[in-house]
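Starting off, we have a lone chain in the form predicted alone, written out as structure tokens.
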Amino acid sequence: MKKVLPSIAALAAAAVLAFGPATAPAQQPPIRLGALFCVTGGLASLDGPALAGAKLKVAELNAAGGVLGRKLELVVLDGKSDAATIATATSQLIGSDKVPMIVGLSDSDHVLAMGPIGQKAGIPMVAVGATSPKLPAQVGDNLFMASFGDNVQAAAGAEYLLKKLGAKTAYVLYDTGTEYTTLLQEYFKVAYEKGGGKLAGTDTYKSGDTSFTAQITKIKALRPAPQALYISAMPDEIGVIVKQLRQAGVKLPVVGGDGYDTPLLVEVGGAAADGVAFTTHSYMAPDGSAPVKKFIAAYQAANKAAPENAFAALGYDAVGMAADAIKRAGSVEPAKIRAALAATSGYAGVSGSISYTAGNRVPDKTVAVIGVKAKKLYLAAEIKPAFVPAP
């Protein structure tokens, strides 16, 4: 009788019975990053682009293999431009979602609502666009900033007025309703007078105001007239203010901070925005730096629109810094990530190089000054101020 050899199929079936079915290696769960942004409410024009930038960076990192062999995942919550909502969302990210770190927020008051909760829980946080240089000391050693401080951008604004515009006298108008606008004008006054400028006076308004007739009447009555205005404002008001100034016949140059850096300045102000300049984090235009050009192309492809402002780049950089720290830490343990963040040196961001020194968690960065002409933005100057007021 002829001997029959077992078939390959039979041998395979026997192997399955003996050893069980073959299985692919289990995929590790993603590394989850808390992403707290105010995509609705008054800060949406800053935080919306910042979140889009953050998502773009996550997509790029994941396409390149992720971090520590794992994908990244943003756990996104909307702070709704409200301090109480931000506090609740922070607690949810830490308590329920168990994230090892949080990135987000572009307003100093909002970071102050998030910060103490994260600090108490030992969770490292990267504030995307908040600019108060006091924040790290106010919150604690788990808070890091991706942006320069208001003392730096205020000093750059003062230097621009004095050296570029030759404005030796300036009048200050500011919003009393936020930490950002209050601190910015204080730092500006110190830097402007230190540089030899003379203050012609100061006036105030409150977030949410819609008529600035009283303030403009005082400006028009000044004798001699100041050579420029420094207005410390949030995104929702600055377009309205410059429009009312021009309608009242005030043609003085207007300079302010990165609160102007949204489409609202030109959309609301229109032709009245001509002659306005503001300090911000990067010049986001096709004729910008090589990293900016590359970022704009990627952002355009992902969002079907160009970056609205420099906060898009800050969101992108904040996630990049977080991923870089996790990689260097070789861990997702919050304490190890925090230590790696503190050791960040020369991280090449779209918004500039980011480094932290011992005891200082605010990066030292160059300031871009953006001007408006014929309703278009242009790079008016890039300044690293010679004098910076203490925080």
Partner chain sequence: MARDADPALHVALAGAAMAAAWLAPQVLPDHVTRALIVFALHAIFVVSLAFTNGLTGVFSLGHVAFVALGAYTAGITALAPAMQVAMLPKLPAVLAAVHLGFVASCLAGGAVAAVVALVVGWPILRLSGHYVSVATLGLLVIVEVTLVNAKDITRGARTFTNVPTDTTLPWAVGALVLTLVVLGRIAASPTGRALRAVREDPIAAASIGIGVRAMRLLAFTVAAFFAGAGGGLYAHYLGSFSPATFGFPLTFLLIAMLVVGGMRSLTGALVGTALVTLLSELLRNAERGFAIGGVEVPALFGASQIVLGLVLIAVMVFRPSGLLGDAELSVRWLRPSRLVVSRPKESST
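What you see is a predicted model, and the numbers here were worked out from it, not measured in a lab. Rigid core: the largest C-alpha set superposing within 1.5 Å between the two forms. Residue numbers count along the first chain shown, from 1.
Beyond the structure shown, there is the form predicted together with its partner chain, which is absent from this document and is the topic of what follows.
**Student:** Could you tell me which of 309 to 317, 91 to 99, 261 to 269, 240 to 248 sits within 4.5 Å of its partner chain in the model of the complex, going by non-hydrogen atoms?
**Tutor:** Stretch with heavy atoms near the partner: 91 to 99.
**Student:** Might D274 be said to contact its partner chain in the model of the complex, defining contact as any heavy atom within 4.5 Å?
**Tutor:** It does not: once its partner chain is placed as it appears in the model of the complex, D274 has no heavy atom within 4.5 Å of it.
**Student:** In the model of the complex, does G177 have a heavy atom within 4.5 Å of its partner chain?
**Tutor:** G177: contacts its partner chain in the model of the complex.
**Student:** Is N62 near its partner chain? Define near as a heavy atom within 4.5 Å, in the model of the complex.
**Tutor:** Outside the cut-off, so no.
**Student:** Does at least one non-hydrogen atom of D203 fall within 4.5 angstroms of its partner chain in the model of the complex?
**Tutor:** Close contact is absent here: in the model of the complex, D203 is far from its partner chain, nothing within 4.5 Å, heavy atoms only.
**Student:** Which residue among A285, L199, L165, V75 has a heavy atom within 4.5 angstroms of its partner chain in the model of the complex?
**Tutor:** The residue from A285, L199, L165, V75 that makes the contact is V75.
**Student:** So its partner chain isn't shown here. In the model of the complex, which residue out of A323, A329, A342, V39 has a non-hydrogen atom within 4.5 Å of it?
**Tutor:** That would be V39.
**Student:** Only counting heavy atoms and a 4.5 Å limit, does any residue of 96 to 122 reach its partner chain in the model of the complex, and if so which ones?
**Tutor:** Residues within 4.5 Å: S96, D97, D109, L112, I117.
**Student:** Once you overlay the rigid core, does the Cα of E73 travel 2 Å or further between the shown form and the other one?
**Tutor:** E73 C-alpha, core-superposed: shift of less than 2 Å.
**Student:** Aligning on the core only, does the CA of Y187 end up 2 angstroms or more away between the shown form and the other one?
**Tutor:** After core superposition, the displacement of the Y187 C-alpha between the shown form and the other one stays below 2 Å, so no.
**Student:** Quick one: core overlaid, is M234 moving 2 Å or more at the Cα between the shown form and the other one?
**Tutor:** Yes, the C-alpha moves 2 Å or more.
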